[in-house]
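Here's a solo chain for you in structure tokens, the form predicted on its own.
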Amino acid sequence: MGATPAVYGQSSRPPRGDYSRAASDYTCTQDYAAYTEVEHATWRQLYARQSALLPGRASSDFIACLPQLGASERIPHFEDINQRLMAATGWQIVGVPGLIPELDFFRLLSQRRFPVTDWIRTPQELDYIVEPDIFHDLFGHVPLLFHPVLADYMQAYGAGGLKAAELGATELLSRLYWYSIEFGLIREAGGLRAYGAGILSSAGELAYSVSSPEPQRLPLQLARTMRTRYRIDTYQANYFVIDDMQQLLDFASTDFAPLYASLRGQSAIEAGALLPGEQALPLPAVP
């Protein structure tokens, strides 16, 4: 779907989804001069709205790392972020035109290169967008790449993804990504907090994920998480909770091959379902 001139002004950047400008690894250069004032205003509005919702809902690690983006008034330059990111954890962000194939995504992560979509949503898409844009990728994902433990987990996940592809298990591993990096919750002293990018970049799901009584919340266990389907068209029916970031990195040191083999004979679990004997985590009492 291309951008419309009526919304984006006279932007010189190719429309979203134009992969003809990408290299063989799907990366492309951020054409910073092509962003319009409308697009910068959209970034500013999204950043201000989402930042105001973080206290008491987002993980303390995310809140501490967010200033490293270094830009709240205008879309950030990738090069500026990369200077700080390389010094902090050895990661770099690279531009992409949109969603990329799994293997290429895994390969970039294994190289400590995180793909960031270089276009931004229209003002009409502030509350919901079909596929990730630069706000979701930068605001939701990149701050925690400044966290050493999460940064190491992301690289290990990418390397694990390449192995999962050889074993025909990318769907199982993708569910772990969805329920951790995209929609994960973490225990903190004040209660449950969000660290997943899909939650942190969503105005509605941020409060829903940590305070609504509707979804099920379960401790993150590898087999259970990999068996659980997810929804892409609504808020999540269940969330998986970790105790700390180190737990994710510890998971990454596991040999997943036997786990994949055992899960192939088991049926998937529908989103929001509880297994016999399973009990969802209670919401912490509000003081």
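One rule holds for the numbers: they count along the sequence shown, beginning at 1. Keep in mind it's a predicted model, so treat the numbers as computed, not measured.
Beyond the structure shown, there is the form predicted in complex with ligand HBI, which is absent from this document and is the topic of what follows.
S.K.: Counting any non-hydrogen atom inside 4.5 Å, which residue from G190, P148, P123, G98 sits next to ligand HBI in the model of the complex?
M.R.: Residue within 4.5 Å of the partner: G98.
S.K.: Since exactly one of Q111, Q216, S174, Q92 fits, which has a heavy atom within 4.5 Å of ligand HBI in the model of the complex?
M.R.: When ligand HBI is considered in the model of the complex, the option within 4.5 Å is S174.
S.K.: Which one, 202-210, 123-131, 174-182, 76-84, holds residues whose non-hydrogen atoms are within 4.5 Å of ligand HBI in the model of the complex?
M.R.: Careful reading of the contacts points to 174-182.
S.K.: I have F105, P115 and Y157 flagged as a candidate spot, so tell me whether each of them has a non-hydrogen atom within 4.5 Å of ligand HBI in the model of the complex.
M.R.: Yes: each residue has a heavy atom within 4.5 Å of the partner.
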